[in-house]
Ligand SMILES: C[S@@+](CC[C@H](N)C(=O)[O-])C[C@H]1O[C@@H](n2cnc3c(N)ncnc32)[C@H](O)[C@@H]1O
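Only one chain comes next, encoded as structure tokens, the form predicted on its own.
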């Protein structure tokens, strides 16, 4: 074979190799910032749309659906998870208004909902990279709408029945607007293991500083953080020095005002947040019963009890009616806390799906359940002892009216002044009237209600 043939036959091979290297180099070219933003925004729209598809079936609580979806996608980074959660929950907060806006435009309405949710998170220029021309025009049109022309229930994104109930409350519009805002994260310092000032300093000087930690204005144990910090991975959380608990929840627990050595019952302990504070206030003395009808809820509370260092907590799963262990404690408890099952409408900042999951029929069922539990729990209060009824609702029918009905049927109990009880611990909090009523628009907490009642001492008639 001649050298010329070798050259001619070898040339294409070199050319192919060079072409391969050129193609590889092109594929290895770093993506531009615009390409990265497009990929992120497009992916996030798809993810929010997918999660909403499951949530809006209303079979399970929104946080449970999101947690399950995230567990199925473990490769998502922390920022991805935050953006996804923020986008989804923004849609849930403004669902009725967004659905009205989504009636226009083209393509799947669920995609338009996702775009609206993410439009509050992404800069407009970044989000538009993932939108086609029609979607960009539609979003620009929506942004230019005057929401003041919408019906109040649509503007507030509430079902009609709830808009009517909340609209009857004093300062209703400010309350509704506050309930439609994301909530900060409140921590409670475990006074058995740490002091708030020292914990604040540690947080401010460490990686948590970017979450702007500051003391809560009313609770002496609280620290407020902004954003979505991974608290459950922090060493002080693992050591039981801090717990997640809204400031309003801390204050209503203070209304119980337990003393060392007493017998206390947390009648609806749930995940145990209030139980933990009660135990710390008792300095781990006496006996603190954590009752709940759900074995699963108490099981989730047990790791928290273990971290806390408390030794006086007795978790007990009780029957909903005629529980023998409850009967054995009749008239023996110094103080009983009833954090009753309720609509949860005071927690809409954290659980916006509740306004779509609740309805007047479910509210009637809850009111009957609250009255029954309050009656049962009251039987455990000793003469001269204290009964505290609480909810995380802002509706009078779950709150003041329940207390009024109970007092009318149980003349051996009298209403105490909540402000007088908590004024020493919560020095900056002024409470008007006998009830403790916390609101996000007034106090920066979730919506909470509590009333303290005292049973007549032995030997004194009602």
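Numbering follows the first chain given and starts at 1. None of the values given here were measured: they were computed from a predicted structure.
One more form of this protein should be noted, the form predicted together with this ligand, which is absent from this view; the next part is about it.
Interface residue remark: residue 277 is not counted as part of the site for this ligand in the model of the complex, having no heavy atom within 4.5 Å.
Of the heavy atoms in residue 257, none are within 4.5 Å of this ligand in the model of the complex. Contact check for residue 159: no non-hydrogen atom falls within 4.5 Å of this ligand in the model of the complex.
In the model of the complex, no heavy atom of residue 138 sits within 4.5 Å of this ligand. Taking a 4.5 Å heavy atom cutoff to this ligand in the model of the complex, the contact residue among 116, 340, 179, 127 is 340. This chain lacks the partner; the member of 251, 387, 288, 269 within 4.5 angstroms of this ligand in the model of the complex by a non-hydrogen atom is 269. Annotated contact segment (heavy atom within 4.5 Å of this ligand in the model of the complex): 289 to 297, selected among 289 to 297, 164 to 172, 197 to 205, 150 to 158. Site residues 273, 320 and 373 are all in contact with this ligand in the model of the complex, judged by any heavy atom within 4.5 Å.
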